[in-house]
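As structure tokens, one chain now follows by itself in the form predicted alone.
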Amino acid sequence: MIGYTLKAEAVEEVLSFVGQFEDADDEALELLLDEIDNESYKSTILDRESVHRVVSLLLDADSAVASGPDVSNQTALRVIDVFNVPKFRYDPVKKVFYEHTGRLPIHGEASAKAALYRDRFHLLLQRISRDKHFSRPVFDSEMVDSQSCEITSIQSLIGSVGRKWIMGVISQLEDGHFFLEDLTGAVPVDLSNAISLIEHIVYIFHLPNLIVFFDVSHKITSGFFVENTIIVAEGELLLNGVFQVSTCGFPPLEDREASLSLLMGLDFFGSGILTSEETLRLSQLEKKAVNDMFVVLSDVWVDNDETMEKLATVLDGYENVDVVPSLFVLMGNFCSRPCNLSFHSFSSLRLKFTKLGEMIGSHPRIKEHSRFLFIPGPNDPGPSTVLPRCALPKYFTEELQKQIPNAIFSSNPCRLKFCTQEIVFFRNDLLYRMRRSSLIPPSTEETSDPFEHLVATITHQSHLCPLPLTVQPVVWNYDHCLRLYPNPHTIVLGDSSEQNSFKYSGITCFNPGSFSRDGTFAAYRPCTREVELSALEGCEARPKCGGGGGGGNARAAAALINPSPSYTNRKSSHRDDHRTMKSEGYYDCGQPTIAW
């Protein structure tokens, strides 16, 4: 550790760590120094916080390995509040990411809004620039322009000949007028004359001195094309000033390992950088954690008696199993009515959370061995409805926290690291809003399942909520908290729509469904990344919204059941290989169409 200066409190942190290994203090000190050398610090003067971060990683890894495979490892599980995730920006000149070191106020300046779109575009542009199908071979000097899939800037369209590929964001710079925009210019478009046919879709975009003829008879990829999404389009500018587009879709995905290989030393997920030794040890632990299971429930209305009875049934069922789940994830909304300015029952809602703590406390095995993660919903109490949302206010949760010390209250979205596995939780009625905001009907060639279209949209956009800011406001300076880059292992989309599970290009995505309405939830096994879509029997009818509600038959008629293997396989495994092939894509620059 040559060149570093430790403050007094940092030295105390080092001594405290070494003191925990009396028989191997020299090895512990050497390991700590090696890990500090591997870290990237902005200053050569280290304080207590800098050393404590490395110490925490080493202690967590040591505790994880020391635990037996039959014991649930809570130390291997780490919850990350997205407001603590570092922000990285891409430098297109140096072609590297750099960490933003300045202050990030909640109320950003006007320039922060422009930076939001620029950062999104840069992220996908640097990703697609490494794709072999969209980059010109370095040594192929004889390649003609018609054979190249290289991305052309919108500014270079006028005056160009031959077929071109462009990438831009669909934006509405003026009321009622849409544009296709990149970093060099914007192309105004008009969708009012769009004609939609079953086998032939034509869109005519009117431009000043230029008419863009959008012929989508060849290919449209899966996903929702909404304002703010970034698309890749292929077309040709004809001699009469018509730009004819034959193919359009989202930028292709990049393999997670390929992304990580270019981001060595950068903590995009916010869980800290692991050394190769720690990664190896935690991956071995992850394979042995066959008994770990996460139970995910969405729409847990604590003010609804019938919902609480159904939750008690679930807790009773898991209390009596051989190994209780290591984590319960309870996602909002936690109230059956929106907690807006017209809501005046905050004290009553506080009491409902207290009763929830008493219910959990009445199950001693779950209380002792399980952890509880609470993620707020879009209609829960909070400062506003913008994303990301902060954790539930302590006014509602402080009594529950006293009864359940293992309870964790985090942001929405929320990130979770289990050993080496990265999991993202997001609670929002995203599917309904995506379908409402879609500019063109989604393609049914690959799938007609709306949930699969939703998964394709957010993964290819590398963003959890690519909706217009007028539909879903986002804190400008914290838009990076919604990124999905590099691709996480699992994405949990808490949505009020029907529960669903889908594996897309190696990414496990599932929606546990609405627990209060349908009695549905999901069980996730991180060891195998399998999703078990579950439900309570006798919960076909949806409960009435409101604070009371009788529904006394929930406990008597409902019984905890696991999904049939055929149902799980149909949702998760059956189409995995097919969809992976499609998402990777096959690009033939000599043909007018493209397969995604």
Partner chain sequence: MRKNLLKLVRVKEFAPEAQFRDPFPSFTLPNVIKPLRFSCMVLCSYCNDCRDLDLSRDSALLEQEWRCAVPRCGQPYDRGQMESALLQIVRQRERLYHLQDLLCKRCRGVKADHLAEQCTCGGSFGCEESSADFLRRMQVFLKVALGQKFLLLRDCVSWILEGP
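A quick note: this is a predicted structure, and the numbers were derived from the prediction, not measured. Numbering follows the first chain given and starts at 1.
Absent from the display: the form predicted together with its partner chain. The rest refers to it.
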With its partner chain left out of view, which of G361, G272, G506, G108 would have a heavy atom within 4.5 Å of it in the predicted bound form?
-> G108
As a check of understanding, the residue in K113, R281, H369, H489 with any heavy atom within 4.5 Å of its partner chain in the predicted bound form should be identified as K113
Give a yes/no on whether P473 approaches its partner chain to within 4.5 Å in the predicted bound form, heavy atoms considered.
-> yes
Contact between N228 and its partner chain in the predicted bound form at 4.5 Å, heavy atoms?
-> yes
Is there a heavy atom of R118 no more than 4.5 Å from a heavy atom of its partner chain in the predicted bound form?
-> yes
S171, heavy atom within 4.5 angstroms of its partner chain in the predicted bound form | yes
Based on heavy atom distances of at most 4.5 Å to its partner chain in the predicted bound form, which listed stretch, 412 to 420, 388 to 396, 247 to 255, 303 to 311, is the contact stretch?
-> 388 to 396
